[in-house]
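Taking the form predicted on its own, here's one chain by itself in structure tokens.
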């Protein structure tokens, strides 16, 4: 009998200074079968990602597939984290989702223009979490080398990108 390969578990870094909101997003993500690391500040997120100090190097053993962060936090904001991620050559392709309890159109537009994949209004709901999957698949497909030729119409199926029709 052949062993069935398990679906890869996506790792999400959740950043929120509110314990209640952090526990909520963690529960929603875990319910949707994500591996979750939660931190309570942008500084801790940057430390986890290896970006806190210039001499820090990203821990290659830790793979984060998506970052979801609150916008309003003491010290550095979620917007600041977004900019740091997008400025990092090794992290810029990680999708970032911003969440906030404040519906301020200029803030939402600024985050989306700077590269946020989504902007969720709090409280985050399970229906919001379902919107994350396409961003994870898009980010993960960049890591899979394509074995499909570029000539002629074809479809490639993830995760086995070597299966082309």
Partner chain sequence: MDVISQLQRQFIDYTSSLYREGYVDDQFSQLQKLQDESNPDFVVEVVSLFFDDCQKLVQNMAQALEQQNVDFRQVDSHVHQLKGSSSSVGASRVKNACIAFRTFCEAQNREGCLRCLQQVNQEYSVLKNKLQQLFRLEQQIIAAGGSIPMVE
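Computed from a predicted structure; not experimentally measured. Numbering follows the first chain given and starts at 1.
What follows is about the form predicted in complex with the partner chain, which we do not show.
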Touches the partner chain in the model of the complex: residue 113 (any heavy atom, 4.5 Å)
no
Are any of the heavy atoms in residue 46 no more than 4.5 Å from a heavy atom of the partner chain in the model of the complex?
no
Distance check, residue 125 to the partner chain in the model of the complex, heavy atom within 4.5 Å:
yes
So in the model of the complex, is the partner chain close enough to residue 109 to count as touching (4.5 Å, heavy atoms)?
no
Contact check for 23, 28 and 102 against the partner chain in the model of the complex, heavy atom at 4.5 Å:
yes
